[in-house]
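Heads up, the chain below is alone and in the form predicted on its own; it's given as structure tokens.
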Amino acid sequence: MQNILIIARKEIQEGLRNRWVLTTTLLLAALALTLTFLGSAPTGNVGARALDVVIVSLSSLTVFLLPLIALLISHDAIVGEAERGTMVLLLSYPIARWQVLLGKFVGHVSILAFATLLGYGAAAVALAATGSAIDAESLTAFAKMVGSSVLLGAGFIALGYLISASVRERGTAAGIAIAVWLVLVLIYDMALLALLVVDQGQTVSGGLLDALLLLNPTDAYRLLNLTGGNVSALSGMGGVSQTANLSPSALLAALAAWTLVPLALAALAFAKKEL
């Protein structure tokens, strides 16, 4: 456990030195505050919106931005150090490869969690400072959104490690990481929508649709945060929530699986990797 914490501290220190923590936090805070205060500008009313609407806006932002940030900070975590020769030096100490991987994971997730909590928390604090009424249900939904955002980021960090452990060059890892982001964030949902339009409910049953949605962590995240209560009506996800028969616990389990399975595969790939 001590070795894991040492590696995690090293990653956090490198994140501070490379300004990843500061840059990510400021970016998330700036976008969150912009969505909070200027979200109603197109209608001619500039002002803070209700927390439910902010949740919808931030959830939509998270799906695109957080996976990209997670992949950027993780895609060269192994192959980058291998190219620089620092991984060989690190493994010369009495530390197992899985401990190195897990320590990096704890460090990177800590960076992402700090940036998300502080960045998105700024939106909630700003909204409360304006005197907007925030009820317990909205606050619970906001906390769930922040927590699941960190879990989504953790899944893409694990995918970044899997990529990094499976290739020999940083450029290759970067290209694959961008391709993974494009497929899971953009292309997958467009292909699924096209399939549903063409199928017209003849082949794709409710159970198959549930499975297809769980095969993409961003869809599990959307369903978890953009369905149920007032949020569902505001996000336009009411129809999907009625069609998909997935409970919040199943969606959380899917997000957890998207973290644990790639992380385990990355550990196996790293164990067999020649340095």
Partner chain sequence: MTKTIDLQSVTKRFGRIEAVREVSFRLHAGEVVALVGHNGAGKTTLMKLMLGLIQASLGTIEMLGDDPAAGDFAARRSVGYLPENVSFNAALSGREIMSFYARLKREDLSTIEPLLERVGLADAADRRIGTYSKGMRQRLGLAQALLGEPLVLLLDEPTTGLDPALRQSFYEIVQELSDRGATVLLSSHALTELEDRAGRVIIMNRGVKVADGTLTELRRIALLPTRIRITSAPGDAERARTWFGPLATWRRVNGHMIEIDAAPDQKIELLRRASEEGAPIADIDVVPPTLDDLYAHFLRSQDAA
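Residue numbers count along the first chain shown, from 1. What you are looking at is a predicted structure, and each value in this text was computed from that prediction instead of being measured.
This protein has a second form, the form predicted in complex with its partner chain, left out of what is shown; the following refers to that one.
Enquirer: Is it true that 34, 135 and 143 each have at least one non-hydrogen atom within 4.5 Å of its partner chain in the predicted complex?
Expert: Heavy-atom distance to its partner chain in the predicted complex: none of the three under 4.5 Å.
Enquirer: Can you tell me which of 176-184, 145-153, 114-122, 90-98 lies within 4.5 Å of its partner chain in the predicted complex, counting heavy atoms only?
Expert: Result for this chain: 90-98.
Enquirer: I'd like to know whether residue 85 contacts its partner chain in the predicted complex, with contact meaning heavy atoms within 4.5 angstroms.
Expert: Flag for residue 85 set to yes.
Enquirer: If you check in the predicted complex, is residue 268 within 4.5 Å of its partner chain, heavy atoms only?
Expert: Outside the cut-off, so no.
Enquirer: Can you tell me whether residue 13 touches its partner chain? I mean in the predicted complex, with a 4.5 angstroms heavy atom cut-off.
Expert: Yes - in the predicted complex, heavy atoms of residue 13 and its partner chain come within 4.5 Å of each other.
Enquirer: Which residues, if any, of 2-28 lie within 4.5 Å of its partner chain in the predicted complex when only heavy atoms count?
Expert: 2, 3, 6, 7, 9, 10, 13, 14, 17 sit within 4.5 Å of the partner.
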